Every structure is written in C-alpha cells, then in structure tokens.
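The data below hold one chain only, encoded as structure tokens and taken in the form predicted alone.
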Amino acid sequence: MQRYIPFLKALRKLLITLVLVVLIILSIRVTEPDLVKLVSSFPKAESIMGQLLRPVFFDRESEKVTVSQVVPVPCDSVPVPTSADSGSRIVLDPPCGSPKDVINLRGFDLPQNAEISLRWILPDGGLLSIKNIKTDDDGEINMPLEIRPITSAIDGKAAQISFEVTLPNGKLVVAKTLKDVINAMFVTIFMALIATTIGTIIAIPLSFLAASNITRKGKLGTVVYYLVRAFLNIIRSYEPLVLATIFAMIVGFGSPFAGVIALSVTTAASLGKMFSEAVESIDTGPIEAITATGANRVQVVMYAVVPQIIPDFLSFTIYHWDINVRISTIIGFVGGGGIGYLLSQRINTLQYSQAGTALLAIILVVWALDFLSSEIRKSLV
C-alpha cells in the first residue's frame, strides 16, 4: 500500500490541476473576453479618457444658444413643420420618419468650430443625449441620425431634435461644474456622517446583546444572543447598493435620504458585529472584581465593560465613517444622491470632462478622510 501513496498524491495533484483548468475555461466562455474589440475600441477609450483627465475648474462667462426642430415620429403623428430659410437652424431630410429610420441632419449658420450638444427633447419633456459634435469652418453640421422608438409622439406632442451651443463671451470664472461638484461632495460627506451616527446609536445596544460574555447567560439570554446574532448576519448580507436601490424607489430617485437610510442599516449591522467582538475580547478581571462587590448586571457593564471598549468603539466608528464616504460615492449611481448621483448624470449625458472633475474630487476627499481617520485612530490607541 505504501508504494501507491506517491502515485495517489500525484494523481490528486493532476485532478486538482484539471479541475482548475476546466473552471478557467468555463470562466472564459462565460465572461466572453474579446481582445479584438478591446483593441478596436482604443480610439473611443482614448477620447473618453482624454476628457476625464481634463477636469473642469474654470470657464469663461458664456451664453447658451438652443436651436430646436420638431420631428414627427411617425410622420402622420403631427403636422410636418416648415424649416426656416435663414439664421441658426436645423434641416432634416426627410423632415419626419418612423422608429429605426435614418434621416440626414444638417445645421446651418451656427458658430464656426463650436462644440454642440446634440440631444432629443422627448414628448414628455425628458432629455436624451445623442453625442457632442463640432461645427465645421462654415458653421455647419451634416450627419446621419437614427430615429429612436422612444421619440415617438405622445398625445399629439412630438419630440424635438436640439442643438445646444455654448458661446464663450467674457472673463474667466469658477466653472459651475466645480461648484456643483463641491456641493455634491459636501452632501456625500454629511450623508455618510449622519448615517454613521445613526448606525452607531443602533449598533451599541445590539452589540451588548450579541456579546456572548454579556448576554449568553441562562435560557432567555442564550435565545436573545442567537436572535440578535442572526439579525446582524442577515442585515450584513445585503449590499448597500441593493438597499439604496430599494429606498431610492421608496423615497425618490436621487434623494440623499435614500442613501442615508441604506448606509444607516448596513452600518448598524456591521458596527454591531464589530462592537460585539470588542466586548467579547475584554479583560474579565474587572468584571469579576466588580461582580464580587455585589454589583448588578447594569453596574458591571457600566463600570467594568464600558471603560475598556470606548477606545475600540471610537476607532471602529471613525473607520466606518471613512468607509461610508467611499460607499456613498457608489450608491449615488443607483439613486442614493450625493457626488455619485452627479457623476452618473455627467457620464450618462457624455459630459466626461465634468465627470473628471467629480472623480478628482472623490479621490482627494477619500484620500484626505483616510489620512484623517488613520491619524485619529492612532491617537486613540
């Protein structure tokens, strides 16, 4: 039997290797990596990254000129509008169409070499960005455009195709984008702060109930201990993104309150677990000494447990505030408000330079808070 042991070990290694190879092959098939598409998309990636790396801080005082043209979709939904013969205008050929049709879009008498935001103004008043384009040396635009099904007329009201032209005209000023980013960043910081505060208040009593050395005494205490532990584990299994999505649908998409509720719930569960472990790791000497004096359960906790756990509780709370600031920037993408919501709006409307400003603000604030929380936690040790 002994002579077969090396063979069996080699066979085991071979089987493990084969299983890993099969799993990797399955992973490749499921994820469908496409290196050719990655390489062919390089010009697009270069354009997007180039704009992201040019954040907007300052701008010139400017005026915005909007030129719009009604587009009946389908053609018999509303009367076909007449096109102007002079001035800044949009001309469509044909002037109407059905979803999936391609029409030719032309712009005339626009500023030369100007940046134009091309978008649909939908029948319900919503905006759908198409792309950012640039006029030629004659102030004209000529391009094909596919009609989207979402632009179909509703109750006799047609969609419009719109050019928004920004004309620099004056001195250098702080960009509105920078002001919006700073305001949204403050919302994110305070959103994380209030969520951490609420979560900590809820977590403190739960942590004592989930600490075996405090609660797990007798049948009732054991039941309470396991119920609270199970509750914390269940809540911790939900990602903040999922909760933020749910609460955004309840209290309003883009509302910071949705993010506060989501972060408060996850913070309470996470800190409750961390606090309970801190309580369980305390020195039992002071507990035994105070118990020997005839102190009741509340007095033992107040005078033997609390003094030992305060530094850990403060350290965990500050650390979690730092975590919540980072999470807040993500949950904004699902409607949780703050800088993440602003960032998602700028990306969805193809305003990558403005998105770059938001990304830079997130990096700076996260770095600063990480350094600050680290220094505070060091002083508590």
Partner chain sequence: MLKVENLTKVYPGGTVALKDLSFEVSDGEFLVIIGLSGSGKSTLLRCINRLIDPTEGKVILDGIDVTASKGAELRHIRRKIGMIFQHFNLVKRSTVLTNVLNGRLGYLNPWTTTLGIFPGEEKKRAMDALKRLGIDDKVDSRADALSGGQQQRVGIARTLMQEPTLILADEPVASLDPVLAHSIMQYLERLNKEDKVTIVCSLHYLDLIQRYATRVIGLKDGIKVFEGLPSEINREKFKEIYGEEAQDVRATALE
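Source: prediction; values computed, not measured. Positions refer to the first chain, counted from 1. For the two forms, the rigid core is made up of the largest set of C-alpha atoms that agree within 1.5 Å on superposition.
Just so it is clear, the following notes concern the form predicted in complex with its partner chain, a form of the same protein that is not shown.
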**Asked** Hey, in the predicted bound form, does E288 get a heavy atom within 4.5 angstroms of its partner chain?
**Response** yes
Look up in the predicted bound form whether S86 has a non-hydrogen atom within 4.5 angstroms of its partner chain, and give yes or no. no
| Does at least one non-hydrogen atom of F190 fall within 4.5 angstroms of its partner chain in the predicted bound form? | no
Query raised in the report: Should T197 be counted as a contact of its partner chain in the predicted bound form, where contact means heavy atoms within 4.5 Å?
Result: no
Only one of 153 to 161, 132 to 140, 299 to 307, 198 to 206 has residues with a heavy atom within 4.5 Å of its partner chain in the predicted bound form, and that stretch is 299 to 307
Among A295, I121, I116, V80, just one has a heavy atom within 4.5 Å of its partner chain in the predicted bound form, namely A295
In the predicted bound form, the residue from D109, E277, D76, D283 with a non-hydrogen atom within 4.5 Å of its partner chain is D283
Contact check, 309 to 324 vs its partner chain in the predicted bound form, heavy atom within 4.5 Å, ordered by sequence, gives P311, D312
How about E239 - superposed on the rigid core, does its CA move between the shown form and the other one by 2 Å or more? no
message = Once both forms sit on the same rigid core, is the C-alpha displacement of I287 at or above 2 Å between the shown form and the other one?
response = yes
